[in-house]
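What follows are structure tokens for two forms of the same protein chain, given separately as structure 1 and structure 2.
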Structure 1
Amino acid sequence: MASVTAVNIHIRSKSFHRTDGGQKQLVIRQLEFSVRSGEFLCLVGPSGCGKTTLLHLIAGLDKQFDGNISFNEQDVPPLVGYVFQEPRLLPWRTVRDNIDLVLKPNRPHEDVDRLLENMGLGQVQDVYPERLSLGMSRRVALARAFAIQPDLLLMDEPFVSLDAPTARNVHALLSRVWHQRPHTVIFVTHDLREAIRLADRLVFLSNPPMRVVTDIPVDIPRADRHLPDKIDAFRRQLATRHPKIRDLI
């Protein structure tokens, strides 16, 4: 079972060098928030605001910033699973092989068999990615991230471009597997309805230089998250009570 990881983020600034040789482009400024242990947190913001950059900083893929990111008040980083916008499956390997690649050699096969069944992939485990639909490919990418039993799962708009019925099915699948293997999730999206459906809490981010606009818990019972009327009512409530996020939603 994965350990439970809290994340504390304080980024004073993050910049990129411009390709035309001009002044640095400031993408994040005075960004500060925390993620509680075992929480499912959604970062909501407009396209291009720097959400992917932020995930890279949290994952340690980019260390060039002014600030600090800590986990459980310890220096030892957690085991991180990362689900990217694209599935990134190796086309010359089967579904099962793509998952086995990330596992430790002594991981019981029964654990992977159970995960594949839970993700609805048992019947396609010997299939190559080119024969999978986009929705199925995204399931495989999600299964690969869950397979390492991460302490922290980062998800970068992993269900973008899915049609609505497929997205709802994958959302339900994600929620079910997450409850079976509790861990901390940071999920990036610009789709507010998706965020409300999944999250314990929403952190709204501004256009660059990115900062926190507001931080709001989602108080809809999870048993009602599949009801569009509940989702839309909460969305309207957000726009009424928090007018400063209207341009972001």
Structure 2
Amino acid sequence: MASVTAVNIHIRSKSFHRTDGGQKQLVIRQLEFSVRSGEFLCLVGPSGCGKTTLLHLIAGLDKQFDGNISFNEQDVPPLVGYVFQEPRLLPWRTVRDNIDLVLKPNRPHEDVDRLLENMGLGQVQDVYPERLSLGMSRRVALARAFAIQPDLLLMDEPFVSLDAPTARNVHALLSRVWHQRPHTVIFVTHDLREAIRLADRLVFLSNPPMRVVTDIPVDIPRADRHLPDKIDAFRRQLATRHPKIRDLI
């Protein structure tokens, strides 16, 4: 059984050097929050605020920053599943081969046949990605992340441009996968309804230089999350109780 990972994030500063040799651009300043093990956390912020940069830092893809990010209960870095904003499938491998590629021989993983079936991808497993619609490609990218049974799942607006019924299906599937096997999820979105529906806790982020504005647990029972009324009520409540985030809502 994969261990469940908690994440402590403390970034004093992260900046990018502009390519034209101009001044440094400060993207993140004094950003601090923790994710409990097994928690489903949504990061909500205006687009362009640096959420993708933050996920890259957590995934270890970018090590140029001041601060530290630690994963407890783990000497080694956790196995990360990352659903990027774009599907990032290898075009020269079939759907099935794209998923098989990332499986680790020495670690448990999902039954790929069943996973593909559950995600409505059973028919296309021998198809090359260039022949898939964007919605389908996104589902393959999700399946790939689920397949490795990650300790930590990072998701960067994975449902953008899915049509509403597919998005609902995938939401339900994500909730089911997450329930079946506890793992920590950090989910980036600018869609507050989606965030309320999925998350245990919402972390609101500011415009750059990015920092945490506020941190709010979602107390709607999981069983009621599919009801739009409940979601909207929670959203209205947020707006009245937390004036600081009114422009994000």
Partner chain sequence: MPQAKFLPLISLATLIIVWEIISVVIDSPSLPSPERVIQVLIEETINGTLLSNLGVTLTRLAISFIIAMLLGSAIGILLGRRNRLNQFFDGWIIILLNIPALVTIILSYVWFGLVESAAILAVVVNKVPNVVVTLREGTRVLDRNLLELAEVYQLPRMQTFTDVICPQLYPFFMTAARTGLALIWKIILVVEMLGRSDGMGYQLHLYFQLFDVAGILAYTVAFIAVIQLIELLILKPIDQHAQRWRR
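The term rigid core refers to the most C-alpha atoms you can superpose between the two forms while keeping them within 1.5 Å. Bear in mind that the values here come from a model prediction, so they are computed numbers and not experimental data. Residue positions are counted from 1 along structure 1's sequence.
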{"property": "Structure that is the form predicted alone (1 or 2)", "result": "1"}
{"property": "Is_shifted Arg176 between structure 1 and structure 2 (CA, 2 Å cut-off, rigid core)", "result": "no"}
{"property": "CA of Leu116, rigid core aligned, shift of 2 Å or more between structure 1 and structure 2", "result": "yes"}
{"property": "Post core alignment: Gly135 C-alpha displaced by 2 Å or more between structure 1 and structure 2", "result": "yes"}
{"property": "Following rigid core superposition, Cα shift of Pro91 between structure 1 and structure 2 in Å", "result": "3.0"}
